[in-house]
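Encoded as structure tokens, the following chain is the form predicted on its own, with no partner shown.
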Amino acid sequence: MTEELRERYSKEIERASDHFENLVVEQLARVERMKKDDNWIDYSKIKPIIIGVVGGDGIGPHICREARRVLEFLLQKEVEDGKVVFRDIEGLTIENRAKVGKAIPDEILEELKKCHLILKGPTTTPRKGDPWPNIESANVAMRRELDLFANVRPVKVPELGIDWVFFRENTEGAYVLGPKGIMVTDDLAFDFKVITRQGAERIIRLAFDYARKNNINKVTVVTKANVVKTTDGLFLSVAEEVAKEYPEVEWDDWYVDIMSAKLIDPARRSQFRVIVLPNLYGDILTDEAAQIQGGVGTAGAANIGKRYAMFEAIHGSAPRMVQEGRAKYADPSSMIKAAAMLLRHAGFVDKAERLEKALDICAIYERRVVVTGRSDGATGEEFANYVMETLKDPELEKKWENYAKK
């Protein structure tokens, strides 16, 4: 039967073999590039630090504008002194991407590469039934092109004992080859998942480094290595190797299915602190975690590489809000949180901490201005104004401490 099938589908098998061979060569080349790339950017030695601002699609330009206003408010002196420059990068919209048939048009990618940090609004990824061609996600492409290998997402709910930081691998796993699957026949489809030793090691090491530097004695590695034995098995074995270099950090590993349950288990969830995991699992669990925090609209994310870093909301572009004329009521909290992460990554730690505390006061504790996404609530501009007013308050630190104690 096997030989009969080989003969009957010889052309299809040859085409699939050639396709896979090309993918193997492509990934081996990526491994060689990672082996050579050892240098991290030092923002303290750069003048000016260029912050690119990308509005994106749907509500993206609206919430990105408010986050930029907050950043400009906090970095006013640095901008005046020429230490920081903001640069608008236009055109990363679904219309332009569809027009050229690329996730990121070439000229926009070149502009992105001229920046050090990128503040990015959500972009639309076409799906079946949409009026757009089936182009790749702009996020996936940007992470790959700029080698933004670490997606870092903090989630904090003090009243539930939750203080998590997720380190999601960004550039491989099930997503990196997402658009490169193959229909062998009308009845047989293949997609591909790739894990490299170098890719696993750098994200796992980043998670352990974060734990060590922040005096956190717990790292949790999430895989499905009991079933996906080769790729997830490699990720887990690399974690075992890296963990030996951090004897002061306790670590454990969980399978992704039971981990999704334990995140909502009151008896267990407070025991997790730093969580590191491959791409697909990270995408799912961080959305679950954000929902526990109050919804994906409350969460920001950092996408970090050795040369570039991009900061974004984790929710989508919400085209329905635009269609219904509600874009100005979109909640900018996620983008402002992303802006705080940008500040911290660039070395403006005091400003980042002040912004994080102001956001806690505005969105969690005080809530004098509430965004609902509709006209019965505040606009995004009004909320950003509220945040900046809070930042001006000389009693901000004391006020935050009093709220946090309660």
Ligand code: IPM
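Bear in mind that the values here come from a model prediction, so they are computed numbers and not experimental data. Note that residue numbering begins at 1 and tracks the sequence as displayed.
One more form of this protein, predicted together with the ligand, exists but is not displayed; see below.
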{"property": "Which of 262-270, 100-108, 195-203, 131-139 sits within 4.5 Å of the ligand in the predicted complex, heavy atom basis", "result": "131-139"}
{"property": "Residues Arg153, Tyr175 and Asp283 all lining the ligand in the predicted complex, heavy atom within 4.5 Å", "result": "yes"}
{"property": "Listed residue that, although the ligand is not shown, lies within 4.5 Å of it in the predicted complex (heavy atoms), from Leu148, Val165, Val242, Ile314", "result": "Ile314"}
{"property": "Position in contact with the ligand when the complex is considered in the predicted complex, options Thr93, Thr231, Gln293, Thr125, heavy atoms within 4.5 Å", "result": "Thr125"}
{"property": "Members of 63-97 lying within 4.5 angstroms of the ligand, judged by heavy atom, in the predicted complex", "result": "none"}
